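The chain below stands alone and is given as structure tokens, in the form predicted alone.
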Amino acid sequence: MTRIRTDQKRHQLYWVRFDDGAERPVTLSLSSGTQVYGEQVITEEGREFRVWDPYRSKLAASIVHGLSVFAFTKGVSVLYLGASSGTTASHVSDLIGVDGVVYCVEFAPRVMRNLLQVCTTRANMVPILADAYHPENYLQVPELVDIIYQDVAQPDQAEILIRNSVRFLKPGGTAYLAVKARSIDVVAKPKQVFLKEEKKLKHAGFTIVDRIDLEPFSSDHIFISAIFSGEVC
């Protein structure tokens, strides 16, 4: 294994190369001495780096595949829809640092219990037990945010992102959407599903920048990054 290196374009992100030649993104841990999902931790020069598994995180998979829009800088605010047990959200927490905030929306009470444990060691993560289709119920979000990240495997994925963006995303803010074709339509071809979802986003004032196939890390998924104009067509 070689030394940790900094990503020259995404300055909060790091990389490590393993003996088999594989490179993986890593984040500088905001909560030293803890693991979230059994991830490998590498200590270098007194700092702990968490290896970010692209098979466990669609954001990590998109980064491995060359995600060009990377808005996760120190101090930004993020509304995370579908935070689950906190795997990806914890890496986002590392990226944005103590001056940033991640509002973590999760609907399932059982999963929320796991998320709460992660949040207890990370002051910049705010857990919200709520349905992402109803952003009007997020009483814990007092501001417009810089980023909305969505990984909600439901048929109305685009609509959920649009509803939340209209209410909470700053004009010029960045949206990330992991689209799971089989959650939207089990019969249609994935390519048809993806094109339909993209069309919805464009009509809602988004400019799509990245459109990334997540194979082999996640089947029948694409990962979209888009900039929100703030004006729905």
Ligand SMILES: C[S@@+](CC[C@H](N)C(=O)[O-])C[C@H]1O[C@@H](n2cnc3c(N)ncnc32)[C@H](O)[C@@H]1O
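Quick note: we count residues from 1 along the sequence shown, nothing fancier. Note that the coordinates shown come from a computational prediction; the quantities given were computed from them, not determined experimentally.
Keep in mind that the form predicted together with this ligand is not shown, yet the notes after this line are about it.
- Message: So if I measure heavy atom distances to this ligand in the predicted bound form, which of the stretches 116-124, 71-79, 129-137, 94-102 falls within 4.5 Å?
- Response: The contacting stretch here is 129-137.
- Report yes if all three of R3, E39 and T43 come within 4.5 Å of this ligand in the predicted bound form by some heavy atom, otherwise no. Negative, none of the three is within 4.5 Å.
- Query: Does A83 make contact with this ligand in the predicted bound form, using a 4.5 Å heavy atom cut-off?
  - Reply: Yes.
- Item | Distance check, R56 to this ligand in the predicted bound form, heavy atom within 4.5 Å | The answer is yes: R56 has a heavy atom within 4.5 Å of this ligand.
- Contact label in the predicted bound form: V111 to this ligand, heavy atom within 4.5 Å: Close contact exists here: in the predicted bound form, V111 approaches this ligand to within 4.5 Å, heavy atoms only.
- Task: Answer yes if any heavy atom of D151 is within 4.5 Å of a heavy atom of this ligand in the predicted bound form; otherwise answer no.
- Result: Output for D151 is yes: heavy atoms within 4.5 Å of this ligand.
- Query: What residues in 87-120 sit within 4.5 Å of this ligand in the predicted bound form, counting heavy atoms only?
  - Reply: T87, T88, V105, E106, F107, A108, V111 sit within 4.5 Å of the partner.
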